[in-house]
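What follows is a single chain, given as structure tokens, in the form predicted on its own.
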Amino acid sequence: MKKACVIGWPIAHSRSPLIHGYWLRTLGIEGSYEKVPVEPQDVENFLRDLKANGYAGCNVTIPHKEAAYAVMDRVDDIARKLGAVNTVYVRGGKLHGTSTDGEGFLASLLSKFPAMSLRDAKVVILGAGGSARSIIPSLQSAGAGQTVIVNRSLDRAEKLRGDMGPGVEARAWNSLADELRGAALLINTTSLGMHGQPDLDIDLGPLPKTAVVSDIVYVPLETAFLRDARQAGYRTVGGLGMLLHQAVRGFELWFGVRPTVTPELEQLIMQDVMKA
């Protein structure tokens, strides 16, 4: 029986076992997926012992993504660009690492708006943290034109811009109104709007009505920012889809079958979020 897990500190909040457990059940696969709390000082030893402890691999969540990257025997180009991994799998006794957050974001966006093309499109990203870093390479692979990082700390945005290469620009927060003009996609990657955090309050007036507004936060399922955007007539995408779609490749790597994100699975996780 194959088994996988998710590690983090703390880990109680993770919904990954619900997602992977659903796929194991519906696909009729004999396997397991569990939460394992791992303290920061124990990350290397836990990962080195993955195979010995019978795991096909694991997900990695906060605060271990960078530490896990350092332990990998092999990483792909995306993980190398990010300096972090969220998915680990064992092949030939070696630890392989990748990051699926960016492809999860893109798959979520396109599952809701299949006809949307990012080719040469202008994208504005709010925030310059790990989530923005994970999403930008997927936008680049989809052919996005100008990608603008708008952040309260311009220095941090400039650092991310330098790491991401051509086509990416950094702007201070006070230039947001100018940057929204002509944008096809606006993405909030900050924690603003998350349960327990202040709301993200910006003027969407300069943003074209044809644009899509996205928020990677999924607790609550619809942030005040997304609600306001929807009520103003914009198409919107919440963060739940990214959570679900980023899990697909890990499951395939561990259990050998590529699962699909179904309305039933989405409903299952929505109900769990609403209970929290």
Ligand SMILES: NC(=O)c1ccc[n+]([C@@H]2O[C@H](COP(=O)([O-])OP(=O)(O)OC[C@H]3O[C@@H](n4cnc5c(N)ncnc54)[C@H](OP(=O)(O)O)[C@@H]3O)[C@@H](O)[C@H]2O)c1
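None of these values were measured; they are calculated from a predicted model. All residue numbers refer to positions in the sequence shown, first residue = 1.
One more form of this protein should be noted, the form predicted together with the named molecule, which is absent from this view; the next part is about it.
Engineer: Can you say which of 184 to 192, 136 to 144, 164 to 172, 201 to 209 gets within 4.5 Å of the named molecule in the predicted complex, counting heavy atoms only?
Structural biologist: Looking at the partner contacts, the answer comes out as 184 to 192.
Engineer: Does Leu243 make contact with the named molecule in the predicted complex, using a 4.5 Å heavy atom cut-off?
Structural biologist: Residue-level check for Leu243: yes, a contact with the named molecule.
Engineer: I'd like to know whether Gly129 contacts the named molecule in the predicted complex, with contact meaning heavy atoms within 4.5 angstroms.
Structural biologist: Heavy-atom contact with the named molecule at 4.5 Å: present for Gly129.
Engineer: With the partner left out of view, is Asn151 within 4.5 angstroms of the named molecule in the predicted complex by any non-hydrogen atom?
Structural biologist: Output for Asn151 is yes: heavy atoms within 4.5 Å of the named molecule.
Engineer: Does at least one non-hydrogen atom of Leu47 fall within 4.5 angstroms of the named molecule in the predicted complex?
Structural biologist: Looking in the predicted complex, residue contacts with the named molecule do not include Leu47, since no heavy atom lies within 4.5 Å.
Engineer: In the predicted complex, which residues of 194 to 227 put a heavy atom within 4.5 Å of the named molecule?
Structural biologist: If the 4.5 Å heavy-atom criterion is applied to the named molecule in the predicted complex, 194 to 227 yields Met194, Ile216, Val217, Tyr218.
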